[in-house]
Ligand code: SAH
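Shown below, as structure tokens, is a lone chain in the form predicted on its own; questions about how it binds or moves come after it.
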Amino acid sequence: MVVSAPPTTKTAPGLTREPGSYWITTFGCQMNKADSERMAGILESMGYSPASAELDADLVLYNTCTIRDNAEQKVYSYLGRQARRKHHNPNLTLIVAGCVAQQEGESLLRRVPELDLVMGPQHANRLETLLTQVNSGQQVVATEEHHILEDITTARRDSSICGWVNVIYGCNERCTYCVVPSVRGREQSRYPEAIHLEMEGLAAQGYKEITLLGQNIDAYGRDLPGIAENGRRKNTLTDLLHHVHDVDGIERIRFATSHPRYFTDRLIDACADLPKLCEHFHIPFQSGDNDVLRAMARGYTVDRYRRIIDRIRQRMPDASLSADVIVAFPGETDAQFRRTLDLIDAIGFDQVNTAAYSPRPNTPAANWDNQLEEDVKVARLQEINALVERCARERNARYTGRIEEILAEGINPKDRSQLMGRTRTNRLTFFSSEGPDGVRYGAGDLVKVTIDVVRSFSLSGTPLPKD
């Protein structure tokens, strides 16, 4: 919808907003980061250039996340200082994009009347069209359900080595704690041919690693037509991995985020059999208790989750495993929390992203009367974080003295004599940019490194002589 600008924010007669400098701040997940890269590309195609500092920019865009309340509140803090700027510079263009924009919609204009554009994540590719309306003197709210256009925009990517490629937007799940379906809309899969073409373009630009992205990536293709000869669905994530594996120049492929309900043995076998697929899996489990999982409407049991992990380790014994978990979900007892700790300890994750439950708007769990006290949330979060760090440290110990292939992504900002990159199992690794034979390595190189130092969440090592 378009809302006529109130007098306090309407562009004054005679003033125009010519392209100047822009600044984008991104909150939240990888999907938001990919959206921000596309919007930055649109802005640069319009003549904008990156600003040297946020408070100097002519256009400021906050790409927001509403998965946790603290992330949402941080956005309002940032908006406050920009609103004050706008009183002195009415030509400042102020935009809120992403999930908070979708959730709050027109009410954001009432709370922050200095805003020019409020746009949900489904409208990221329409930024130029929406800015045209803004530049005509309107305040614009774009949060209606919208079919996402193909990724015809050229992203301004933060990395020249590793690139995001969206394969499915939205989510059809109805987890009782999660706001994502209401702010990102229903699932929309891209066609395999379009994904393949985008990866070919990135390979031609020198990209070496691609991460395929989806809010629920295992659901890829459910909305696409086609049945294979054996009667199963034709366009699955497994089919897509086979389809894009032949892109010349791409050395590594990852994908995220997975859902245990749809994670299949066939997918695991593809990851084991296709050489470019990295041995790293991010599969959120959220709780180690079946009753809590049922209350969350997750659609699987702890036994089902453990069978997935067992199958992965059967096919790829050294694979790294990361996950997401929520503690202090409404009604979670101490015994149920202990079962979550037991699951983490038993599986031995390489990394677990932890969060205390945060009630979110328009979700069933937010209205339940069995919410837990904040002191319980804090205590449980502290306990689980200590366990997660111990498990990560123990898992990382296996790298000591090993030779790992590292894809160099860039210079270590804390030590410019070093490069940093990741193992195939997604361990951040630092190493000298100069090999023992005097060969200098740079971003994009695949380097054999002997691991000398192991920390909970990173490694350091020495490069071997070049083959």
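All residue numbers are counted from 1 along the displayed sequence. Note that the structure is a prediction, hence the values are computed from the model and not measured.
Although it is not shown, the form predicted together with the ligand is what the next lines describe.
- With a 4.5 Å cutoff on heavy atoms, Ser358 counts as touching the ligand in the predicted bound form.
- Proximity of Arg252 to the ligand in the predicted bound form: non-hydrogen atoms within 4.5 Å are absent; the residue sits far from the partner.
- Taking the partner from elsewhere, Pro192 is found to have every heavy atom lying beyond 4.5 Å of the ligand in the predicted bound form.
- Taking non-hydrogen atoms only, Phe349 never approaches the ligand to within 4.5 angstroms in the predicted bound form.
- For the ligand in the predicted bound form, the listed stretch (350-358, 269-277, 241-249, 72-80) containing residues with heavy atoms inside 4.5 Å is 350-358.
- Taking a 4.5 Å heavy atom cutoff to the ligand in the predicted bound form, the contact residue among Asp345, Glu394, Glu128, Asp324 is Asp324.
- Checked against the ligand in the predicted bound form, the residues Asn166, Gln286, Ser320, Thr143 give one hit for a heavy atom within 4.5 Å, which is Gln286.
- For the stretch 337-351, the set of residues having any non-hydrogen atom within 4.5 angstroms of the ligand in the predicted bound form is empty.
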